[in-house]
Every structure is written in structure tokens, then in C-alpha cells.
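So this first bit is one chain, no partners, the form predicted on its own, shown in C-alpha cells.
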């Protein structure tokens, strides 16, 4: 199977797609990224993803050489050139290539890479049993609101979760408030309310997170964006959200059961409603 990537102005077979050895993404993790889901040719909240990408670029003072409409067109073309009906489009933008130095005196031409992979689907077992998680004290940098490619801490968190037989790590602040996962946002149901950490420099504003909160409100579930802990009285469910998971129940954390240790009713409801939206996208008349 031949896959195609877009790299700095041209489409190439994936195995031939390369960037300069002194690209600052490779040397310094000096870049940002987005991941966008596509269902049968229709993209999920592409405008919101591109706006967040632009905000991340602005936060690190990288000027996009393309308009958002031009970038969206390239994303759509990358999707069309690859074989997956349901796909995960990855966009990475770095400051560009230059001799290795922390200080860049002149503005560089950014490196832009777009790839497409098959959208991973959770197994039936994961859906029926929920997933397991661990917690670790947050070791990341202090601007998690920027979708940076500097993901070493998250890689370490994922590796530790895997070593301990879990699926995800949730980061805790110095007061043991739950922040978010390595690649997910995290929610709890406390006294029947859907609770999640407010957006600040410690938490990335996930696109699926926003959808989950919107769906919850539409279902007349009270939403609280506040700091919360795992030992709060009345906590009956936990769940996580991401592009690839939609909503996934989290039934055990640090080997302790959440509620009765099974997917809870609010997680099941939110997942069903979000998947209904995904299915509506597949059947949309606005397909590419």
C-alpha cells in the first residue's frame, strides 16, 4: 500500500517524504501540530482545529505561510490521495530549518507536513469494560494550552501506563487536582454533574472535549469546569475524550475501581450521542 504525504509544497510517497536534518522540529521540538478526524470524506470540526493550530503558531511566533483555507484544501487533498475512508489527518508545523542555535535571528520558512493514517477504532472489549488509567505528578512544561510537538513527558507517561497494565496516564497538579491525560481530556461525574478542569495553561482545549460539554448541556446534564480530585465524595464515573476515542469510560485508576468498576450511564450516553454525530458526518451530503 502506497501512502502519500504533503511536505513543504509537494505530495510525495510517504517513504520518500523527508525534512532537513537541521529542522528545528527535530533539533528543538520547535513546532506545533493538530490531528483531525475524517469520516467518509467529511472532517470533524476542521475549522476549530485549524483555528487552534493558528493560535498555537501565534503563541510561538511562527507565521503560517498559507491561509487557513489553503491549508484546509491541502488537508482535503492529502485525504483524497490516501486509501482510508475513516482517517486521521496529522498536520505538523515547525519554525523551519537553520544551523543549530537556540536563537533564530531571521524569520525562517516554516516546515509543513501533512499525513493521513487510518482512524483507530477502540475494540469491543474496551467499549464494554472501559479502560484503566494511572496518575502521575505533572512533569510537563507550563504551556499545555499550546499544542506543542514537545511530547516527551507524554511519551514517558504513556510508557509508564503501559508498564503498569493501564491505557492512559492522568496528570495531577501539586495539589492532586486531575488535569488531563497524555493524549486525552479527563472528566468525572460528581453528584450527577459532569466535571472537568477549566481551560488554562495546564490543559489543552480539546475539540472533542468541547463537543462532550456541548452534548452534555443538550442532554440537560449540569457541567462544571472546575478543579477536582479523585477522592471527592459523590464521584461515580470517570471518562476521557480524544479524537480517536470520542468518549471512553475509565473504570479503574491506580487499580482502584471508579463507581462499580463498569462504564457508567453518563459516559455511555455521551459516547452514544457523540458517535451519532460522527455517523451523521459519514452520511452528510457535504462529503468531499
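Quantities reported herein were computed from a predicted structural model and do not represent experimental measurements. Numbering follows the first chain given and starts at 1.
The same protein has a further form, the form predicted together with N-(5'-phosphopyridoxyl)-D-alanine, not shown here; the description that follows concerns it.
Residue 55 falls outside the set of residues with a heavy atom inside 4.5 Å of N-(5'-phosphopyridoxyl)-D-alanine in the model of the complex. Among residues of the shown chain, residue 197 is not one whose heavy atoms approach N-(5'-phosphopyridoxyl)-D-alanine to within 4.5 Å in the model of the complex. At a distance threshold of 4.5 angstroms between non-hydrogen atoms, residue 35 is in contact with N-(5'-phosphopyridoxyl)-D-alanine in the model of the complex. Contact annotation for residue 185: at least one heavy atom lies within 4.5 Å of N-(5'-phosphopyridoxyl)-D-alanine in the model of the complex. With N-(5'-phosphopyridoxyl)-D-alanine omitted here, the record of contacts in the model of the complex names 240-248 of 240-248, 215-223, 254-262, 64-72, defined by a heavy atom within 4.5 Å. Just one of 178, 204, 161, 114 comes within 4.5 Å of N-(5'-phosphopyridoxyl)-D-alanine in the model of the complex, counting any heavy atom, and that one is 204.
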